[in-house]
Structures are given as structure tokens and as C-alpha cells.
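What follows is a pair of forms of the same protein chain, given separately as C-alpha cells and numbered structure 1 and structure 2.
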Structure 1
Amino acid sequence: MKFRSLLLAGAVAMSAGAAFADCAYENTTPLTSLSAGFEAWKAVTDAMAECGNFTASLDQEFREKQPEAFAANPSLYQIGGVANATLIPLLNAGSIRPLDDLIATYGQNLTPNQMIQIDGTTYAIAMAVNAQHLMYRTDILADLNLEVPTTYAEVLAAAQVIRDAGVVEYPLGGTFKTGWNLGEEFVNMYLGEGGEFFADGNMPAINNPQGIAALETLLAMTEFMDPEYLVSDSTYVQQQFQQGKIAMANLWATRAAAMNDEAESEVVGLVGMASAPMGSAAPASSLWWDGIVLAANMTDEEAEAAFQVALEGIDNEMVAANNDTAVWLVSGYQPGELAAGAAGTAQNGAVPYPASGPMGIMHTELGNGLADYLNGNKDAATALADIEAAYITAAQEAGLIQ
């Protein structure tokens, strides 16, 4: 017994030593990071941990902690993980540092596409992009002689055919859970119609023909979805796919790998990836990035160490080991079949998610206000007018509208 545990401890120590050797930079400064908790962040922070003296907090509620934690002096975390929208509060509070000098010294392997720049100053390094795009059951579409749909009209027509054939319980899935998910569905559709969210002075501008068209498409989709769509989030849609209950859905690129996870999925190798269906102007999707920021409130020595550790986390060795976990922006990434959807969506001209302070409020109000329309309690114009009114109340309270 004693001998075995000794052997085990030795093995652990050796593997730790081996892992340590994977990092080109030996870190001696204690460092911590706070980011979201999905698979890609786990891969990246594990790679950072190989440099030693590093602890990661992976927290799905990180957005509530991050602004306060980074505003502290010294900051509670040196490295932060953010996306389009969660960068805004840090940027507004001035609690993240410009990275240009560090990039000049250490960032030879970064590509220009990875820099998130505000007025020419780089504040974040992107590691991956994410977007909702079409996933579909290749076998069902082939059996019914259907082409891969490229517009929402075609999606709805295909859904009708699939329902008539009765091959799956519900032809469509969708991340329609009330709140952030439902708000994001509208944002995607509205961007696909070429809509603008705001007029001058942060005033809302969504009650227009594009907004109504977006709502009508969403409502038409619910016809073909599980009637419990208002509680269905990304994980739920992913499981519907894995259990063979749905045939098509516009789902996040980060969920693509799960379709071929043999432990969970009954449809391994049967789910194809394609660009998000087109609205009248662009693909009905928005491009998101995930990236790394450094806190402003730490010493320059700490920042140098943190930057080098962060770069180790997003180097090509990490990507080689986790190629299909995300659509990486890091050099050395081999876009496989799973990345075809995100790539197609970007090539067809999907725009980045228009993150800003007002957009944060708008997204919340959309997420809360759209259920009334989908439930049939309001018509499209009333729903949009009420969302605009709710937005104005909240934006006035936040000081964004005078």
C-alpha cells in the first residue's frame, strides 16, 4: 500500500516535471487568471499552468466578478479572459493595460488579426472566434434529397419537408431560452437583415421593418421546434442533436466537437457544419472573439511575466493538442470540417457582435421582452416598441441617455 502510493506520488511528480518542461518560459511570479469556464479556456489555462506559479479561476459567472476584481489595486487577477461584450466594462473603467510594448518585445508569433485595437492601441489578444452557424444532419438531408439551406426561407421549407417525412421529433432546434440566449437570437437575425440598433444619442432604433422581419422569422422557426423552446439553451440544443431529436439548428461553433463525442452522441459523423443562413443582408449571425487581457493595476515585472505566461497558453503547442476544441486564431491551427461553419459564416460577411454599453442594456431588454411576442401576447410592432421603452428607462437610469 505504502509502496504503491509512493510510486503514484513519484509518477505524479514526474508528469508534473514533464509538463513543466513543456513551457518555454519558467515563471517565478505568482499569477492568477479569471475567465469563463468553457472547454477552450480550460485548454488555454492548462497550458499556462505548465509554466508554474499559476492558478486559474474558470467561472461561468466571471462577468460579475471581473470589473470589481480588476478595479482593485493591486488587481486580484493579473490575467483576464474576455469576449466582445465583457471587454467593455474593463475598458470603460480603465482597468486593463495597453499591450503594444509587450507585443513588440515578446509577441513575434502573434498575427495582426489577433489584436483587439481601440484607436490603434491594443488592449486584448484574441485566441479564438466563435459564432452561431448552421449544423444539420447530413443523413436526413441526403435521404430527403434536400440541399443544405442557405437562407431562412430554405431552412423553413426544409423543416416542413423533414416534419412531413417524420424522421425526427422536431426538425429545428434553437437557443431560445429567455434572457441572454433569446436576445442573441434576435441580434443575429436583425444583423442578418442589415439592421442598426441605435440612432444618435444612444436612442434605440429597432422598431422598423428589419426588426419586424427578424421577429417573424423567429416566430416561424418556433413552429418547428420543441414547444418548450423558451427554456432551451445551448446545452439543451446540443443534447437534442446528440440524441437525434432535431435535424437542424443554428448553434455555437464551440459546440461542434460535442456532436462527435462518442460518449454522449448518437449521431457521430452525421452532423454537418455550414454557414449561418443568410438574412437579406448578411448571415444571421454575429462574430464573437475570446481573448486575453492584462490588469492595469500590477507592476511592470508582473505584467511581463503575465504576458509571457499568457502567450504560452495560446501557443501552437496548445492548439496542436486541442485543435477541434475551438476555432483558434493562433498560427498552426488546422481548420477541420468542424470549423467549416464558422469559416463560412465569416466569409459570407457576418459582422462582429456590436458590443457597447448601450448594447448591453439592449441585449437584456430584448432577452426579457421577446417572450411576450413568441407567446402571442403582443404583436411584433408592440413588442419592439415596448422593448425600446424598457431600453430607454434603463439607459436613462444608467446615464447613457439624457
Structure 2
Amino acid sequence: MKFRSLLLAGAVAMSAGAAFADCAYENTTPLTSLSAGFEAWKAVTDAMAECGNFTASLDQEFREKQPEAFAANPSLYQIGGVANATLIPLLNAGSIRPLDDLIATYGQNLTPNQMIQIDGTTYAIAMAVNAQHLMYRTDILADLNLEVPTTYAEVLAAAQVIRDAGVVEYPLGGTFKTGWNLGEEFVNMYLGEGGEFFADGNMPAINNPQGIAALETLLAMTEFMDPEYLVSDSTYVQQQFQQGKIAMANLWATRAAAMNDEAESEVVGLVGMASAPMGSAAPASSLWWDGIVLAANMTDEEAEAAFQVALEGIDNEMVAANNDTAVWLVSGYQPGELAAGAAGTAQNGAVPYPASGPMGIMHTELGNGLADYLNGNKDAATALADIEAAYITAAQEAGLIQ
């Protein structure tokens, strides 16, 4: 799947001013879903709920809960919200259902770029693309005569000027929470340096100049962040922006709309979007899709109902009412200002997140092992060597390394 093509496929013209209509499918089967809790999933699950007999669980810990919940028989949820990497454990466990039969019957309005196929079989329906990109306070940069940073050297230089001016509590925010978030920050920065994660035979290959450069940039950023950065996830950074506490952050495109939510944001109209800053080779970000899967462990009748409800959640009426909430892949999406950062990140050469079984293990070990470097307990080379060793052990146990 080529993600820049996938991104552009969502930009299809539509007539403005539409709003939610009643669900075209009257659901009589009790259904539940488990997904992330950002604004796009709220919009999608609200649209699903219009069909009746549907309950959504919006949970930022969904990636930890989904594998066990979907492995239950019957599954604890019929519908799941996934992305590149969170699809892999469900796929490997055989706990999600192939969708081609349901697409043939009900999916005539889906586009080819929405169908996520593994070895020729469709297992997920993509609804939006996502990437971390630079969000910044337009008023602060203007007041301090700063240009929008395009590299991390420029980000750090601007952060110093902002700190010296004392206009916010912290110049930078970042999703550095120990675990998945911190692992993703390294993945982004390492891809920006042009790094490759594996050598032949799934052996790790991160203890190199690109890996050290990525770590050094992450450490430099922490000097300008809330000292509690190791508990800072996407919601934490979103709220820092909304409360006027930070001036810049590389944050998910799906969080952009929340900046202009008058009910909770103090900076409405003051947060701009730009491409993720460049590393030495590419934007320090990875391209993702968000989409829908169905559990394998349910009846065919439940699957038919779940698929039809899911399609109602990602139809063009939902997009018309939530156009700026995400970079949608649904027919009818019109890219707006809030999509500029994600579009720029893709156009500047960001690559897809390299989801795979080995990468799932690598990401976990990165998330667990990087804090020792940031805390000063290990130097960069030692931290990366220890992460590689932990990966090798886990990959051998999983049968990925002989």
C-alpha cells in the first residue's frame, strides 16, 4: 500500500453543508467496539450509534486490551479500531475476520485504497491517514519573529528563543510516555535519519550513527519540555496546547481539530500545522492509516450487522459533518487547513510505519529501554545495544530469529 497515493485518494470533492442523516441500516443486533479515543473515532462511533444497539469503548489503552479481548470466544467486541501496527497482533493471532465476502455484498461505496490487504485478503477498511506533524503557536512565532521550523536544529533554536522570552511554561511538548509512545518517537526520528531497523534474518540494526543521532535529538528536546515528559502521551500534549502551556510539538494529525474546540481550548485559531521537521534524510514521522476490523469469534449474522454499522460510521455524511477532524479516505473529503501538516509530511517524503512481527517486538523494546538513556543511566550506544539484546531474546522466543 503506497501511503502518499492513499493520502491523496481521500481528497475527493463534495458538496458542502451536509449533516448527519439517520442511519440507513436499522441495527437489531447488540454490537460493541473498542478503539482509540481521539476525535475521529468519536465522530465515527457516534455515527455508528445512530444505527441503534451499539456501544463504543473509546480507550487510549486499546492497543494493550484488544489482543486478549478479540481472542476471547466469543469476542468481547465485534468491531475494532486499528492502525498499521495494532493490526499485526490481531492478524497473527487469527482473531480478526477476512472481509472480502462482506465487501462484495455491502462495500460497493468503498474505494480500493481503503481496503487493507495482507497476501491478497482484505482484513481492514481504512478510514483516514494519520501522521505526527509540527503544530505550533502562530502568534508566539510571529511575536518573536521566528520562521516555522523545518528541521530539528531549527526547532531547538526556536525553543531556546521561546524559553528566553518566557511566554509559555515549556517551549516544546512531546509524546514521550514510557512504552509505546516513547518507542514511536524513536521510530519517527530514526526514519528521519534514514535508518533501517533490521539486517538479514530479522537481526536488529539500530546501534549505529543514525540511532545515536536520533537519541541525541530526543534528549535535546527534553531540555525544553515538562520535566514529567515520561508520562506525556497524546492527550497530555493536546491539553498542554489547549491550555496555552506549550508553543510547539510534533503531534498526531488526528489531534488538530481539538485545538479549535471552543469548549476546551484556550488557543482557538492560534495553532498552525506544518510538515514534521526533517531529519537528515526525511521528515521525522511515519505515515499511518486508521481503520476498522471485525472480530473472527462471532457469528456470521453478527458480522453482517457489524460490517453494515461500521460502513455507516465511515460514510460521506459523517465526513461532511466532521471534515476537519481527520485526513479522511472516505469519498467526499475536502482537505482543509488542519490537514496541511499531514499532507506536507507525506509530500516531503515520510515513509509508512514499517509494521511487521519483528517491528512489533522492536517497538516494545524501544519503549521499555529508552528511558534509561533519557534519564542519564546509560549512554546512547549502551542503551541501543541493550535494546538490541532484549529484542534478540524476544524474537528468538517468538521464532523470528533462528
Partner chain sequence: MNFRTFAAFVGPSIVMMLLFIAFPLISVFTQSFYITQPIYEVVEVETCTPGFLTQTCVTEENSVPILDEHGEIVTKTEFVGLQSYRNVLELDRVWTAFREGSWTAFQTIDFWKALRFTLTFTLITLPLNLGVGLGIALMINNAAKSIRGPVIFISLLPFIITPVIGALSINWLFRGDGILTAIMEWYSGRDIALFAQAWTIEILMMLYRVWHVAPFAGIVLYAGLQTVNQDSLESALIDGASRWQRMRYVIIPHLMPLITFISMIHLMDSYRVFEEIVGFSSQGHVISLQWLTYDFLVPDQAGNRSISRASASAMLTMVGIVILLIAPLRRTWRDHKGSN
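Here the structure is a predicted model, which means the values were calculated and not measured. Numbers given to residues start at 1 and step along the sequence of structure 1. Rigid core (definition): largest C-alpha set, two forms, superposition within 1.5 Å.
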| item | value |
| --- | --- |
| Correct structure when looking for the form predicted in complex with the partner chain | 1 |
| Smaller rigid part, angle turned between the two structures (C-alpha superposition) in ° | 18 |
| Angstrom shift of the Cα atom of G52 between the two structures (superposition on rigid core) | 7.4 |
| Angstrom shift of the Cα atom of D300 between the two structures (superposition on rigid core) | 9.3 |
